[in-house]
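Single chain ahead, by itself, as structure tokens, in the form predicted on its own.
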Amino acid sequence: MAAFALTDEQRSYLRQVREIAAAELVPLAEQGVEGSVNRPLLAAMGSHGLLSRLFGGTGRSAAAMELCLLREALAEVCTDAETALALQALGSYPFLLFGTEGQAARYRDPVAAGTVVASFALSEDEAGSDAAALRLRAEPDGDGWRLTGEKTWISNAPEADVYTVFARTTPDARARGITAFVVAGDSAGLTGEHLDMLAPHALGRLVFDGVRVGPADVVGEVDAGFKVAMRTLDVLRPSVGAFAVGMAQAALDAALSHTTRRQAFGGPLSDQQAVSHLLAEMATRVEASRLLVYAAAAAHDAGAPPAQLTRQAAMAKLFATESAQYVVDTAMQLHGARALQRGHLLERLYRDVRAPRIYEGASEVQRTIIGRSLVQRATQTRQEGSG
């Protein structure tokens, strides 16, 4: 842990985040409508400066380490607040990282204030893990394009105020024919509907019926949108792991509190060897996940090569999300039937912890990324040695 020790300032700030979350954000989250954007929650996060932490000193994206720490702290206390913050980052980072100064300036302050809701519109019904197979068409129309098709599994849809939309500008070109666009949520021809999900977060389907976009709406370069999507995900994947670490830590804390107090078989439940071994396994996975996440974030902030960043981000997301699933499930087992009750902390965590193993690249995709990276590195090393 010494390699990633937090400063006193960081520890103090994260304590403050947890206190704000417990005192103000949890009640607002509980008052929200399941499956819809919670605008009062976002506004409160904006008023406390939590959303502004998404943007670094340049006004672009925050340091990866800071984003990870913030997501972990919020996830320990209020998963709704953590998810709301993460979706603001996911929706806005494409045009903050690759867009024009005009695009960034238009949306940065409202996103930070929580008055504009952002969304990342990449996935389609037949293009989830294989994002390069997307079919939403961007057809030439004068000096711009018309977007026609559908997106699904889109966070904050259909309520978002601004979407980063990835569409096909060159047919049959896979990743080389995709362009990213900034699209206002009230654009003519854009409609949508909510999807009813296991974890009741705002998620929906979008229908584009000739939605007009112009040259000023292009994020980055035409036909280079796949790079925009992948680099955005590289920044955020370690922080998905941080979200998982926060949930796992909350589950571990609950399990420790319960098993040291619960009397069974003549003493605390934690005295049972089977139970203590489970607690040890849970704690080890949480700590290992945290270190992988911090290592990936530190590599990003240090400017490591893209191939290394992609590999480490995939490792962090894979291990942390899979471990969180194990830790939350084990904590439920240790609690018994009480954890199955609607409204129990673990009941909510059990629903929330499942999705991160799928979104922003399923676990199987992360393993493919890691394996491919290892093979490429080994091949390159062998070629350099023989040369």
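Model, not experiment: these values are computed from the prediction. Throughout, we count residues from 1 along the sequence that is shown.
Absent from the display: the form predicted together with a small molecule. The rest refers to it.
Q: Decide yes or no: are 129, 310 and 361 jointly within 4.5 Å of the small molecule in the model of the complex, with each residue judged by its heavy atoms?
A: Contact check passed for all of 129, 310 and 361.
task = Could you spot which one of 187, 123, 100, 148 gets a heavy atom to within 4.5 Å of the small molecule in the model of the complex?
result = None of the others qualify; the residue that does is 123.
Exercise for review: Scan 230, 291, 199, 278 and let me know which has any heavy atom within 4.5 Å of the small molecule in the model of the complex.
Suggested key: None of the other options qualify; the answer is 230.
- Partner contact for residue 261 in the model of the complex: the small molecule, 4.5 angstroms, heavy atom: No - in the model of the complex, heavy atoms of residue 261 and the small molecule never come within 4.5 Å of each other.
Item to complete: Flag residue 135 as yes or no: does it have a non-hydrogen atom within 4.5 angstroms of any non-hydrogen atom of the small molecule in the model of the complex?
Response: Residue 135 lies outside the contact set for the small molecule.
- Report whether the minimum heavy atom distance between residue 174 and the small molecule in the model of the complex is within 4.5 Å. Yes, residue 174 sits close enough to the small molecule in the model of the complex that at least one of its heavy atoms falls within 4.5 Å.
- Considering only heavy atoms, tell me if residue 226 and the small molecule come within 4.5 Å of each other in the model of the complex. Residue-level check for residue 226: yes, a contact with the small molecule.
Exercise for the section: Would you mind picking out the stretch of 294 to 302, 246 to 254, 233 to 241, 204 to 212 that comes within 4.5 angstroms of the small molecule in the model of the complex, counting non-hydrogen atoms? Expected result: Stretch 233 to 241 is the one.
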